[in-house]
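Encoded as structure tokens, the following chain is the form predicted alone, with no partner shown.
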Amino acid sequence: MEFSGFFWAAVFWMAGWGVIGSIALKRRYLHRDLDTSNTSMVGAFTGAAAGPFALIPLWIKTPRLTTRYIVLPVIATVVVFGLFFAKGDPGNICVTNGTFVASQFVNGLVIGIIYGFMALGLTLIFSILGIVSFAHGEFYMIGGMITYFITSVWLPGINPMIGVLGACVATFTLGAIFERMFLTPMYEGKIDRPVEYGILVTFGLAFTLQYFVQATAGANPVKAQRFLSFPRMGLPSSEDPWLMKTSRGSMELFESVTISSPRLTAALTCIFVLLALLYLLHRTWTGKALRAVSLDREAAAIAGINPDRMNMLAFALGGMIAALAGSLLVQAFSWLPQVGAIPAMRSFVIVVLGGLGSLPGAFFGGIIVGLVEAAGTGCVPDPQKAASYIPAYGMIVLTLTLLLRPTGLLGRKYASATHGQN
């Protein structure tokens, strides 16, 4: 894949004006004593998309930077970069093959929803307890392992839902016991440095679970049988009257887009779990109690809420969600005791991107990471290089997020890992 000099000149133009926009717009808003929370991101993407032609009016008028001022520059930057990419490498498969592009987009969307599914539990734990669980990937691994053994070893032929429910019950119980034994002392004033303690104790749980599974189940990869298969569908159909007509008959927009049944199942489940969590947190007494504890532990206790019980419930639910993701994906991937490492790393990136403590932010952050990875790997002709670049895309997204908007897309600031309890 060789790009022309025009493409590299365009890239440097976008990068240069992006840096200028980020710095200049923030200084302009600081000078006028205006809100600067979105200036870095808006300035960077506005400069990258249109250079001085859009930055100068924005610099002069200094409007209130709402969501509209964030979304439009990001979309414009993606479109402009795509045009420069097509001009710089016109023979690339992402430029010449519409079916391939559609397939990459759909699969990137599906895998992004799955990434968001994995990050939901981590976000829930942080939003309530104020700590980052470094054992999150191991809960994901445990869920898949339990489902595999129930459906393929202990009770072969049983309904797969039994295996999924078994994994959820086991990991919920494990999370509740661990939180009550090791994390509760953080909130009772028995730990001098709760932030470091939370990191170390969850790291310890991760190592314990990983090597316990390796010692008992072995290090050989396993994979469960497919739970169910969706029927083959063709959209759009050749009989659709609105499709363009040629001398050869109907011209379909795309030849075919294939979606793996296990991945589609996990993606649909993710959407359902997100809606269920939002309903729990905003429409039920338990959810309101969880949110109260996340905002002010002492005030919640005065109102009659048991903070320890809410923390235990949050950690158990977060671990169970990760295990649910693993139990649904064990039919799609080979499962090892170390399988949770990479999903956990992606979850950390997604949580930072979406905003610490925001469930919708984790969902949309996962979609963004999935689409970026799909676009990046699909446009690299060499499959080996494409696979090796996958971790880099997440790090690029993480770096840009920390530079332009440290609180994430929908996040809020936290004073400490224990919400002010030292």
Partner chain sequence: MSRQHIPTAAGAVFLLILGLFPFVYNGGDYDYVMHIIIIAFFYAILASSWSMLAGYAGQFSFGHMGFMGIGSYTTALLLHYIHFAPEPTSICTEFAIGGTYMIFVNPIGVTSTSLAQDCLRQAMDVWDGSVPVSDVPVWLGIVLGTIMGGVAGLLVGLLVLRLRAAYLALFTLGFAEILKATISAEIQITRGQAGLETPALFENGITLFGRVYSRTDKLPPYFVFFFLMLACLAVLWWLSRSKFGLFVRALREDQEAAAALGVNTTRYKVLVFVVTTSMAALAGAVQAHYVGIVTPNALFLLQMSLVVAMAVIGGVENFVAAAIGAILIQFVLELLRNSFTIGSVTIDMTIWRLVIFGIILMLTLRFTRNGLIAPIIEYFHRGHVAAETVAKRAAATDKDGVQG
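Think of the rigid core as the biggest set of C-alphas that the two forms share within 1.5 Å after superposition. Because the structure is predicted, anything quoted here is derived from the model rather than measured. Positions refer to the first chain, counted from 1.
Keep in mind that the form predicted together with the partner chain is missing from the display, and what follows is about it.
Q: With the partner removed from view, which of 126 to 134, 75 to 83, 312 to 320, 103 to 111 is the stretch that lies within 4.5 Å of the partner chain in the model of the complex, judged by heavy atom distances?
A: Single hit among the candidates: 126 to 134.
Q: Since the partner isn't included here, can you check whether the partner chain sits close to all of 18, 24 and 269 in the model of the complex (heavy atom within 4.5 Å for each)?
A: So, no: the whole triplet misses the partner chain.
Q: Just to be sure I understand the contacts: of 214, 173, 306, 261, which is the one whose heavy atoms reach within 4.5 angstroms of the partner chain in the model of the complex?
A: So the residue touching the partner chain in the model of the complex, by this definition, is 214.
Q: May I ask you to choose, among 146, 205, 277, 290, the residue with a heavy atom within 4.5 Å of the partner chain in the model of the complex?
A: Spelling it out, the residue with a heavy atom inside the cut-off is 205.
Q: Would you please decide whether residue 9 lies within 4.5 angstroms of the partner chain in the model of the complex, comparing each non-hydrogen atom pair?
A: The answer is no: residue 9 has no heavy atom within 4.5 Å of the partner chain.
Q: For residue 299, is any heavy atom within 4.5 Å of the partner chain in the model of the complex, or not?
A: Taking the distances in the model of the complex, the answer for residue 299 is no, it never comes within 4.5 Å of the partner chain.
Q: Although the partner isn't part of this model, could you tell me whether residue 197 comes within 4.5 Å of the partner chain in the model of the complex, counting any heavy atom of the residue?
A: Residue 197: contacts the partner chain in the model of the complex.
Q: Classify residue 389 as contacting or not contacting the partner chain in the model of the complex by the rule of any non-hydrogen atom within 4.5 angstroms, answering yes or no.
A: Result yes; residue 389 sits at the interface with the partner chain in the model of the complex.
Q: Within 4.5 Å of the partner chain in the model of the complex, counting any non-hydrogen atom, which residues from 337 to 352 show up?
A: Heavy-atom contacts within 4.5 Å come from 345, 348, 352.
Q: Indicate whether residue 23 shows a C-alpha shift of 2 Å or more between this form and the one not shown, with the rigid core used for the fit.
A: Indeed, residue 23 is displaced by 2 Å or more.
Q: After the core is matched up, is the C-alpha of residue 37 off by 2 Å or more between this form and the one not shown?
A: Yes: residue 37 shifts by at least 2 Å between this form and the one not shown.
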